[in-house]
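Here's a solo chain for you in structure tokens, the form predicted alone.
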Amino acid sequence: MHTSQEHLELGQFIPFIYHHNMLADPARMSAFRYAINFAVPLGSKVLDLGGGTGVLSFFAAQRAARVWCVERNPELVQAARRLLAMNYGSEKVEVIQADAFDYLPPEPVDVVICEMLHVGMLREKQVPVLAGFKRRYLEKFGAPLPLFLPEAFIQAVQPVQQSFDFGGYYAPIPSLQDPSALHPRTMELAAPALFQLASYGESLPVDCAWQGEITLAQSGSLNALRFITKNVLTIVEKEQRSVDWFSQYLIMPLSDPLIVAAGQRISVSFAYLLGDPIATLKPVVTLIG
């Protein structure tokens, strides 16, 4: 049993109007449509966990024989049924009101789509939902596991100098950035450093704990870290490339900014459980030497 607060952290009760932003995001939509069209075999069976408005189930239905679209939020369940009925080919989709933490399809499936994604793999429950699903699926149906879409995620951290001045009001607070936009308020002090890589088809981590060193390329005031999460939606082996989609970047201010120079090294450390609230991310940065 999950508490009300835990379900709020799932992102499942984001007001319905904000789903327009997801549908209107060309990077998200084009990447998922291409990946689903490539990865879903013709005539296959697909499970969409956390289906929202049903758009990813709709993409899958263009190739699959049957799609189960699982959504817990009653408002979104009604919306998905209404919207899917307006789109040709969606008769293959069954919208089911259920909790993704507990649901299993009535029969084995070929592909599982799950887009409960947030930068840092924080806040939303992508990793714990799929870890539990894999365990229950194997108990009920045995191997092999279906293909997961996304297939993997890659995480990185980057030291930055961030302007927290808002009309003369200084407010160092966490913020999100569009990965495809320019950010003149942000100065990159070093290249991103990779700290985590996980494949959904393999054993999934329960946490993220990292301590590493970064050599700075720029001088400035190191007052924040930028967290980057790249979602590998599918791998196109014959073209030796992947179809990727970046979650929004996360800027986390540091409680103790550092004046730094190019060539200096810093130590960065943090630890949190995947799916935890953003507030649990409390990075520590120190100068080396």
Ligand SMILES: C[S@@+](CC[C@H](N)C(=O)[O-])C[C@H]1O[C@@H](n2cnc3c(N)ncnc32)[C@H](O)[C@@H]1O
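Being a predicted model, the structure only gives us computed values, none of them experimental. When you see a residue number, it is the position in the sequence shown, counting from 1.
What comes next is about the form predicted together with the ligand, which does not appear here.
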| said: Is it the case that residue 101, even though its partner is missing from this view, gets within 4.5 Å of the ligand in the predicted complex, heavy atoms only? | reply: yes
| said: I'd like to know whether residue 279 contacts the ligand in the predicted complex, with contact meaning heavy atoms within 4.5 angstroms. | reply: no
| query | in the predicted complex, does residue 73 have a heavy atom within 4.5 Å of the ligand? | reply | yes
| query | Using heavy atoms and a 4.5 Å limit, would one call residue 271 a contact residue for the ligand in the predicted complex? | reply | no
| Three residues, 22, 55 and 116; all within 4.5 Å of the ligand in the predicted complex via heavy atoms? | yes
| remark: Within 4.5 Å of the ligand in the predicted complex, heavy atom basis, the matching stretch of 250-258, 236-244, 219-227, 45-53 is 45-53
